[in-house]
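Quick setup: one chain, the form predicted alone, written in structure tokens, and binding and motion questions come after.
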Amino acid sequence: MKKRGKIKVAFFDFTGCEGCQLNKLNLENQLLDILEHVDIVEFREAMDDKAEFYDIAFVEGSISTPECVNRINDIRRRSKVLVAIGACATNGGINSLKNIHDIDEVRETVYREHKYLFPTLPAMPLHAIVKVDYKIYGCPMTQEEFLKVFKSLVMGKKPQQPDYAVCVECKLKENECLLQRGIFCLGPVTRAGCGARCPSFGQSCIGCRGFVSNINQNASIEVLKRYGYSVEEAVKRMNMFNVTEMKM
């Protein structure tokens, strides 16, 4: 990506639990190798330095206030490549559950008589406001996928990311289908790339990586109905991480 000098990399966070930020700090065995090739110029969790421009900006969290909109526009202007990391940044994540309620009721519930001091917006993924070059999905994003994308960008290559269902990875691991075992699972509609981590440990896929492209949501719900789940239950589970992607 950069022919001279080290690549300038910055990390930013918006509304979220900062789990993805901590996941990066836990890369103890890889950090020194990474720092041979890049300069970390901004990272609130680890340093006070600021920079004017960045070759790569990794951004976590959803956009949820007018101040967030101004700030992400400023980061985009300063960045050659912007990468959304984690469920909140890529599709709004759990924060977007507030979007199915009246926004004034949400503010009243959280802030009571002080609600007018805290302007808020429906939670949005980064791409709702600015151009996003690449996305690293998941809640939290996995270290493996982060390193894979990071290394590709440092080497000037386009990261290859899957756009097929978690079920594919589950079958490759020869896991027994959780739906057929009577366990609710969103593997058939969720974007792969996690290695079917949760189903491999007997836990249902909860859809934290967002939906695969062009899914037929009505057909997905019909399939879940065949396994005994009501429409309300299916929509409720699908909403958990994917309110901004739901079309019903």
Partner chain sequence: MDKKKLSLVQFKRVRLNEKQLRNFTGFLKTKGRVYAPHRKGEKSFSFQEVDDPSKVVFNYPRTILPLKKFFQPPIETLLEFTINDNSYELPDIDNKNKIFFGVHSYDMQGVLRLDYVFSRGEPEYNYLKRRENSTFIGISFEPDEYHFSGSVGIDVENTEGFSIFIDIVDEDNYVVFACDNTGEELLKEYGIKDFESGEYKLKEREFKAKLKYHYGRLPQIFEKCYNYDVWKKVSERCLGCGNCNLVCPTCYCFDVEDDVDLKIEMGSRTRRWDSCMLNEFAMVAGGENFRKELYQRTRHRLHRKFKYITDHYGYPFCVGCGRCSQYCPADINMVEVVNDLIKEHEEREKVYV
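The shown structure was predicted, so the numbers you read here are calculated from the model rather than taken from an experiment. Residue numbers count along the first chain shown, from 1.
What comes next is about the form predicted in complex with the partner chain, which is not displayed.
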4.5 Å heavy atom contact, residue 69 to the partner chain in the predicted bound form: no
Contact of residue 226 with the partner chain in the predicted bound form (heavy atom, 4.5 Å): yes
Residue 80: touches the partner chain in the predicted bound form, heavy atom cutoff 4.5 angstroms: no
4.5 angstroms heavy atom contact with the partner chain in the predicted bound form for residue 75: no
The partner chain in the predicted bound form - contacting residues of 134 to 164, heavy atom within 4.5 Å: 147, 148, 151, 154, 155, 157, 160, 161, 162, 163, 164
